[in-house]
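Single chain ahead, by itself, as structure tokens, in the form predicted on its own.
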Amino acid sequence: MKKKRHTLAHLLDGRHASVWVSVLAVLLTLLTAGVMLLLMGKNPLIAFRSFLQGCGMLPKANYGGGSGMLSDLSDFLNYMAPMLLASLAFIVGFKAGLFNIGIAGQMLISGFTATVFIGYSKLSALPARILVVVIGILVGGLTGALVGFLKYQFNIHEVVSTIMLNYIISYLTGFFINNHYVDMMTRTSRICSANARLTLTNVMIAGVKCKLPIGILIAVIMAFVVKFIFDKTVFGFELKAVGQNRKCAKYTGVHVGNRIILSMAFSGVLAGLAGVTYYLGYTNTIIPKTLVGMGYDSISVALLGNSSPIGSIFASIIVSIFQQGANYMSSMVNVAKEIASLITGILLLYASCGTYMKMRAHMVIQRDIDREEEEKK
């Protein structure tokens, strides 16, 4: 009897199964989004092309004075930088068996602190930007370490503590902004000085005004740093051991409590860097009592990238395309820009089904193997 082949099952159960699961999640998301747009009476091909045009990956029909594809691409990279850092923050906690849902709050407190102490100062560019990064690392790290300490010392689940901290940080920073740092015209915080901003504005490249984000360099470097830590260091191995089996890790001599605190501190450091690159880079202002949705979108990025630091680079590109290209897509297709968040949610749903996809693929292959063995008998 001719052997029955299940190509998709073999791909999802093979050596590069994680990559194919991500590819399948993206394809299913595009298919689902396409059907939704068709039901709304819109052309999905035009919508998807508009997403790419809004991110500077395809040319638009026309541009305003002094802008071009490079302008849109630089804006896209400016948005992607904190997205990548936020996804890395989630990955670090997730590898250690922790679910850091407080990334948005850690971003906000780091961005607010850097804005108040450095953003409104008269420091020159180099020391100001260095201090902004240092504050992001320290404040984010301390906030994350607090969550880890509560988990270790009082067994308070990190999801509960981070949600509560999100509310506390949101309302506390909102109080200070509204009472001391508010711009009466925009009702947001006053903008930071150009010297403290992690985005270089009005840089002329090929006759086009661009924004050069320093944060994208920080984000890509940190992706490789995180990969190195988990692949090549004892510390990274111990974090993964704690995440896979805490009792076994403790039995082998790993100080589980210490690693829980350090993993959340490390996650907070990355969230803090995401915060300063977002609030003192991408937006340059803070909306009071508002947590940025990027802190939650980063979860979909991490899952889509299979909790891999390098995979998160590609995943953050995909998710950022939907988020950053939403405004242009909305104007071209005449649909609400919030559909980009809906598409991101669908992507998260499919990405979270990765384990199930692998399991089903393995079951199909194993069934065929069992059938062949029975036929031989």
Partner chain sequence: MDEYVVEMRHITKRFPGIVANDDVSISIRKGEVYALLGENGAGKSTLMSMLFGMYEPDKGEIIVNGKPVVFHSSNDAAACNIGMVHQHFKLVDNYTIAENIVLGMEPVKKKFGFLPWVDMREVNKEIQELSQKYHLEVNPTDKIEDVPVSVRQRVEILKMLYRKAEIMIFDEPTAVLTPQEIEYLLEIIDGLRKDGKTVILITHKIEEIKKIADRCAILLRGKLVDILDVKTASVQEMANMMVGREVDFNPYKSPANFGKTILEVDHLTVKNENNFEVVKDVSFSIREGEIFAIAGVSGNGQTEIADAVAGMMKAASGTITLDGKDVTGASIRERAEAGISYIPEDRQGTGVVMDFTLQDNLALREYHKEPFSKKGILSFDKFRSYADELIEKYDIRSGQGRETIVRSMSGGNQQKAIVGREIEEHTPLIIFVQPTRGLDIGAIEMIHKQILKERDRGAAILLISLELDEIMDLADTIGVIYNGQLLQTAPADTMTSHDVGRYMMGVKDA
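Note that the coordinates shown come from a computational prediction; the quantities given were computed from them, not determined experimentally. Positions refer to the first chain, counted from 1.
This protein has a second form, the form predicted together with its partner chain, left out of what is shown; the following refers to that one.
- Contact annotation: of the candidates 122, 232, 187, 180, the single residue with a non-hydrogen atom within 4.5 angstroms of its partner chain in the predicted bound form is 232.
- Listed residues 202, 290, 244, 258 were compared with its partner chain in the predicted bound form; 244 is the one with a heavy atom within 4.5 Å.
- Just one listed stretch, out of 112 to 120, 273 to 281, 192 to 200, 250 to 258, contacts its partner chain in the predicted bound form at the 4.5 Å heavy atom level, and that stretch is 250 to 258.
- Though the partner is left out of this view, residue 75 does not reach within 4.5 Å of its partner chain in the predicted bound form, counting heavy atoms only.
- Not displayed here, its partner chain is kept clear of residue 149 by more than 4.5 Å at the level of heavy atoms in the predicted bound form.
- In the predicted bound form, residue 240 approaches its partner chain with a heavy atom inside 4.5 Å.
- Its partner chain is not drawn, but in the predicted bound form it has a heavy atom within 4.5 Å of residue 370.
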